[in-house]
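One chain follows as C-alpha coordinates, the form predicted alone.
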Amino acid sequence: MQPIICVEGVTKAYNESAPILQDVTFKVEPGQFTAVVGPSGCGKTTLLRCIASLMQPDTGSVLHRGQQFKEPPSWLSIVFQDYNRSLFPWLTVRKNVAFGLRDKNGRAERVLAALRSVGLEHAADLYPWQLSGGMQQRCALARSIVVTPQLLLLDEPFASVDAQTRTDLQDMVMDICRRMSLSALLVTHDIDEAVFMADKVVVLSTRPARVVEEIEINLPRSRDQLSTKESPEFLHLRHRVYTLVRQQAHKSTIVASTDRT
(Lines give C-alpha, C1' and ligand atoms only; values in the text may rest on other atoms or scores of the structure.)
Protein backbone atom coordinates (compact mmCIF):
# COMPACT_ATOMS: atom_id res chain seq x y z
CA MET A 1 0.00 0.00 0.00
CA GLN A 2 1.28 3.48 -0.91
CA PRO A 3 2.44 5.63 2.05
CA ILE A 4 0.17 8.58 2.83
CA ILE A 5 3.32 10.68 3.44
CA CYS A 6 6.76 10.06 1.99
CA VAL A 7 9.45 12.51 3.13
CA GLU A 8 12.44 12.05 0.81
CA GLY A 9 15.76 13.77 1.49
CA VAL A 10 14.20 17.01 2.72
CA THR A 11 16.68 19.82 3.35
CA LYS A 12 15.73 23.32 4.44
CA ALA A 13 17.68 26.44 5.43
CA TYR A 14 16.49 29.99 6.07
CA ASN A 15 19.93 31.26 5.07
CA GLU A 16 23.41 29.80 4.52
CA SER A 17 24.34 30.20 8.19
CA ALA A 18 21.11 28.67 9.53
CA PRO A 19 20.54 25.16 8.12
CA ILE A 20 17.40 23.65 9.70
CA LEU A 21 16.79 20.24 8.09
CA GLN A 22 19.30 17.97 6.39
CA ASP A 23 18.33 14.99 4.23
CA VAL A 24 15.30 14.02 6.36
CA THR A 25 13.67 10.81 5.13
CA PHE A 26 10.82 8.73 6.57
CA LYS A 27 7.31 7.50 5.72
CA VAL A 28 3.86 7.52 7.31
CA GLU A 29 1.67 4.58 6.35
CA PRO A 30 -2.14 4.79 6.01
CA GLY A 31 -3.77 4.60 9.43
CA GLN A 32 -0.44 5.01 11.22
CA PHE A 33 0.08 7.42 14.12
CA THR A 34 3.63 8.78 13.90
CA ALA A 35 5.30 11.09 16.43
CA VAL A 36 8.37 13.25 15.75
CA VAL A 37 10.63 14.17 18.67
CA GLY A 38 14.04 15.80 19.02
CA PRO A 39 16.00 18.38 20.99
CA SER A 40 14.39 21.77 21.51
CA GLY A 41 14.86 24.00 18.47
CA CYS A 42 15.98 21.20 16.17
CA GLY A 43 13.47 22.04 13.42
CA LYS A 44 10.41 19.89 14.19
CA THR A 45 7.91 22.63 13.35
CA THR A 46 9.79 23.55 10.17
CA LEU A 47 9.57 19.90 9.14
CA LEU A 48 5.83 19.89 9.84
CA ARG A 49 5.35 22.99 7.70
CA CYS A 50 7.20 21.34 4.83
CA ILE A 51 5.05 18.23 5.21
CA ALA A 52 1.90 20.38 5.23
CA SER A 53 3.07 22.18 2.04
CA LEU A 54 2.96 25.48 3.94
CA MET A 55 6.58 25.88 2.80
CA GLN A 56 8.68 24.06 0.25
CA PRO A 57 11.98 22.28 1.01
CA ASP A 58 15.15 23.57 -0.62
CA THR A 59 15.96 20.07 -1.82
CA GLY A 60 14.18 16.75 -1.55
CA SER A 61 10.43 16.26 -1.67
CA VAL A 62 7.30 15.52 0.34
CA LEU A 63 4.85 13.21 -1.40
CA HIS A 64 1.23 12.90 -0.33
CA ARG A 65 -0.04 9.59 -1.69
CA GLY A 66 2.65 9.82 -4.36
CA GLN A 67 2.00 13.44 -5.35
CA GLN A 68 3.75 16.75 -4.65
CA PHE A 69 1.73 19.82 -3.69
CA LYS A 70 2.42 23.55 -3.60
CA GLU A 71 -0.27 24.08 -0.96
CA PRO A 72 -1.95 21.80 1.63
CA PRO A 73 -3.98 19.04 -0.05
CA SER A 74 -7.69 18.92 0.72
CA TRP A 75 -7.49 15.70 2.75
CA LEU A 76 -5.05 17.20 5.28
CA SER A 77 -5.93 19.08 8.48
CA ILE A 78 -3.62 20.80 10.96
CA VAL A 79 -4.03 21.47 14.69
CA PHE A 80 -1.62 24.11 15.98
CA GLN A 81 -0.28 24.68 19.48
CA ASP A 82 -1.59 28.23 19.80
CA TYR A 83 -5.35 27.79 19.85
CA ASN A 84 -5.75 31.48 20.80
CA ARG A 85 -4.60 32.47 17.32
CA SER A 86 -6.16 29.63 15.36
CA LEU A 87 -9.76 30.43 16.39
CA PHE A 88 -11.71 33.49 15.31
CA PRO A 89 -12.79 35.29 18.50
CA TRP A 90 -15.71 37.05 16.76
CA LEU A 91 -17.27 33.74 15.64
CA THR A 92 -19.14 31.27 17.82
CA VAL A 93 -17.83 27.77 18.35
CA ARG A 94 -20.35 26.50 15.81
CA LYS A 95 -19.24 29.02 13.17
CA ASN A 96 -15.55 28.43 13.90
CA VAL A 97 -16.01 24.72 13.25
CA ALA A 98 -18.03 25.37 10.09
CA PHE A 99 -15.51 27.84 8.69
CA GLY A 100 -13.55 25.34 6.60
CA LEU A 101 -16.59 23.66 5.04
CA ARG A 102 -17.14 24.64 1.42
CA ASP A 103 -20.13 22.40 0.76
CA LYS A 104 -23.29 23.74 2.43
CA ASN A 105 -25.16 20.44 2.07
CA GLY A 106 -25.48 18.83 5.47
CA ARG A 107 -23.25 21.49 7.04
CA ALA A 108 -25.22 21.82 10.28
CA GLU A 109 -25.26 18.05 10.83
CA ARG A 110 -21.54 17.70 10.13
CA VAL A 111 -20.68 20.53 12.52
CA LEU A 112 -22.83 19.02 15.26
CA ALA A 113 -21.24 15.59 14.74
CA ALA A 114 -17.74 17.11 15.02
CA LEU A 115 -18.71 18.97 18.19
CA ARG A 116 -20.11 15.77 19.68
CA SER A 117 -16.84 14.00 18.89
CA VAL A 118 -14.97 16.46 21.11
CA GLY A 119 -17.71 16.91 23.73
CA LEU A 120 -18.56 20.52 22.84
CA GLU A 121 -22.11 20.32 21.53
CA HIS A 122 -23.31 22.16 24.66
CA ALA A 123 -20.97 25.09 23.88
CA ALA A 124 -21.88 25.53 20.21
CA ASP A 125 -23.17 29.07 20.62
CA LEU A 126 -20.43 30.34 22.93
CA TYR A 127 -17.43 32.36 21.74
CA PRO A 128 -13.81 31.16 22.08
CA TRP A 129 -13.08 33.75 24.78
CA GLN A 130 -15.83 32.17 26.89
CA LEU A 131 -14.09 28.77 26.85
CA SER A 132 -11.23 27.31 28.86
CA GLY A 133 -7.95 26.59 27.09
CA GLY A 134 -8.77 22.90 26.79
CA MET A 135 -12.20 23.65 25.34
CA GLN A 136 -10.65 26.04 22.82
CA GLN A 137 -8.26 23.34 21.68
CA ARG A 138 -11.16 20.89 21.40
CA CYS A 139 -12.90 23.47 19.20
CA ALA A 140 -9.79 23.66 17.00
CA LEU A 141 -9.76 19.85 16.84
CA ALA A 142 -13.44 19.77 15.85
CA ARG A 143 -12.72 22.24 13.04
CA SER A 144 -9.91 20.01 11.80
CA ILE A 145 -12.04 16.85 11.64
CA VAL A 146 -15.31 18.33 10.32
CA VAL A 147 -13.84 18.28 6.79
CA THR A 148 -13.32 14.49 7.10
CA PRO A 149 -9.55 14.49 6.51
CA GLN A 150 -7.41 11.44 5.91
CA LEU A 151 -4.30 12.95 7.52
CA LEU A 152 -4.10 14.95 10.75
CA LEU A 153 -1.00 17.02 11.50
CA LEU A 154 -0.55 18.02 15.15
CA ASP A 155 1.99 20.71 16.06
CA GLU A 156 2.48 20.32 19.84
CA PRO A 157 -1.29 20.71 20.28
CA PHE A 158 -1.34 19.98 24.03
CA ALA A 159 1.62 22.11 25.12
CA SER A 160 -0.45 25.05 26.34
CA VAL A 161 -2.94 23.22 28.57
CA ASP A 162 -2.72 21.80 32.10
CA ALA A 163 -1.61 18.23 32.79
CA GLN A 164 -5.09 16.73 33.31
CA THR A 165 -6.49 18.40 30.21
CA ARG A 166 -3.46 17.19 28.28
CA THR A 167 -4.11 13.53 29.08
CA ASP A 168 -7.81 13.94 28.28
CA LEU A 169 -6.95 15.46 24.90
CA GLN A 170 -4.44 12.69 24.18
CA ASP A 171 -7.14 10.07 24.76
CA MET A 172 -9.63 12.05 22.67
CA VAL A 173 -7.28 12.41 19.69
CA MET A 174 -6.37 8.71 19.73
CA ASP A 175 -10.07 7.77 19.87
CA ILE A 176 -10.93 10.12 16.99
CA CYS A 177 -8.06 8.75 14.86
CA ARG A 178 -9.24 5.20 15.54
CA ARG A 179 -12.91 5.90 14.78
CA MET A 180 -12.16 7.92 11.63
CA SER A 181 -9.28 5.68 10.47
CA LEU A 182 -7.02 8.74 10.31
CA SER A 183 -3.31 8.81 9.71
CA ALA A 184 -1.63 11.26 12.09
CA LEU A 185 1.70 13.00 12.51
CA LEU A 186 2.38 14.51 15.93
CA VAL A 187 5.26 16.89 16.60
CA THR A 188 5.97 17.00 20.34
CA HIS A 189 8.74 17.64 22.85
CA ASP A 190 7.04 15.29 25.35
CA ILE A 191 8.62 11.85 25.10
CA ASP A 192 5.98 10.14 27.28
CA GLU A 193 3.29 11.57 25.00
CA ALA A 194 5.06 10.39 21.85
CA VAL A 195 5.52 6.83 23.09
CA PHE A 196 2.01 6.65 24.56
CA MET A 197 0.18 7.87 21.45
CA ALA A 198 2.24 6.68 18.51
CA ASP A 199 2.73 3.56 16.43
CA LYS A 200 6.16 4.87 15.43
CA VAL A 201 8.47 7.54 16.86
CA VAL A 202 10.89 9.37 14.56
CA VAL A 203 13.83 10.80 16.52
CA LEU A 204 15.56 13.84 15.03
CA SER A 205 19.09 15.03 15.70
CA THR A 206 20.14 18.49 16.76
CA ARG A 207 20.09 21.18 14.06
CA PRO A 208 20.44 20.69 11.17
CA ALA A 209 17.97 17.92 11.88
CA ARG A 210 18.28 14.47 10.36
CA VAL A 211 16.59 11.22 11.31
CA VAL A 212 18.60 9.46 14.01
CA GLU A 213 16.29 6.47 14.39
CA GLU A 214 12.74 5.28 13.72
CA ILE A 215 11.34 3.29 16.64
CA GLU A 216 8.30 1.04 16.27
CA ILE A 217 5.94 1.31 19.24
CA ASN A 218 4.34 -2.12 19.52
CA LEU A 219 2.21 -1.37 22.57
CA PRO A 220 -1.28 -2.90 22.39
CA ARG A 221 -4.28 -0.68 21.74
CA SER A 222 -6.41 0.61 23.28
CA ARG A 223 -3.96 2.36 25.61
CA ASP A 224 -4.57 3.46 29.17
CA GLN A 225 -2.94 6.44 30.88
CA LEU A 226 -2.10 4.34 33.95
CA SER A 227 -1.66 0.69 32.98
CA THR A 228 0.10 1.40 29.65
CA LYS A 229 2.54 3.88 31.19
CA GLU A 230 3.32 1.47 34.05
CA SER A 231 4.06 -1.47 31.74
CA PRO A 232 7.66 -2.68 31.29
CA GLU A 233 7.31 -2.33 27.51
CA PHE A 234 6.36 1.35 27.77
CA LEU A 235 9.17 2.08 30.22
CA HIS A 236 11.70 0.35 27.96
CA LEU A 237 10.58 2.31 24.88
CA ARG A 238 10.46 5.56 26.82
CA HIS A 239 14.03 4.99 28.04
CA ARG A 240 15.20 4.24 24.50
CA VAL A 241 13.66 7.40 23.02
CA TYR A 242 14.72 9.58 25.94
CA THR A 243 18.31 8.35 25.68
CA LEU A 244 18.48 9.20 21.98
CA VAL A 245 17.02 12.68 22.45
CA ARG A 246 19.28 13.31 25.45
CA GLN A 247 22.34 12.31 23.46
CA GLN A 248 21.40 14.74 20.69
CA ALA A 249 20.74 17.56 23.16
CA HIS A 250 24.14 16.89 24.74
CA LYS A 251 25.81 17.11 21.33
CA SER A 252 24.09 20.44 20.78
CA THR A 253 25.42 21.74 24.10
CA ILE A 254 28.97 20.66 23.21
CA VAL A 255 28.78 22.35 19.79
CA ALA A 256 27.45 25.56 21.33
CA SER A 257 30.23 25.57 23.93
CA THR A 258 32.85 24.98 21.26
CA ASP A 259 31.48 27.83 19.14
CA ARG A 260 31.85 30.23 22.07
CA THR A 261 35.52 29.36 22.67
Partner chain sequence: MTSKRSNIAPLAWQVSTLLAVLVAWQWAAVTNPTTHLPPLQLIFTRYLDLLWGDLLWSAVAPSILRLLIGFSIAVLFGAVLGIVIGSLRWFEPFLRPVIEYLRFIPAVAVLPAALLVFGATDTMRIFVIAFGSVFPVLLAAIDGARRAEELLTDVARICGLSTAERLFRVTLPAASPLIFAGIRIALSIALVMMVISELIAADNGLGYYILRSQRLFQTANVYAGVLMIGTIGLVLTLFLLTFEKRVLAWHRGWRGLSNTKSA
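Quick caveat: nothing in here was measured; it's all calculated off a predicted structure. Numbering follows the first chain given and starts at 1.
Not on display, but discussed next: the form predicted together with its partner chain.
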Every residue in 197, 215 and 234 with a non-hydrogen atom within 4.5 Å of its partner chain in the predicted complex? no
Can you check 111-119, 186-194, 173-181, 127-135 and let me know which stretch has heavy atoms within 4.5 Å of its partner chain in the predicted complex? 127-135
Checked 141, 152, 161, 87 for heavy atoms within 4.5 Å of its partner chain in the predicted complex; positive is 87
Exactly one of 49, 229, 210, 65 has a non-hydrogen atom within 4.5 Å of its partner chain in the predicted complex; which residue is it? 49
In the predicted complex, does residue 32 have a heavy atom within 4.5 Å of its partner chain? no
Can you check whether residue 123 is within 4.5 Å of its partner chain in the predicted complex, heavy atom basis? no
Just checking whether residue 168 would be counted as a contact of its partner chain in the predicted complex - the rule being heavy atoms within 4.5 angstroms. no
Report whether the minimum heavy atom distance between residue 156 and its partner chain in the predicted complex is within 4.5 Å. no
Just to make sure I understand: among 93-113, which residues lie within 4.5 Å of its partner chain in the predicted complex, judging by heavy atoms? 99, 100, 102
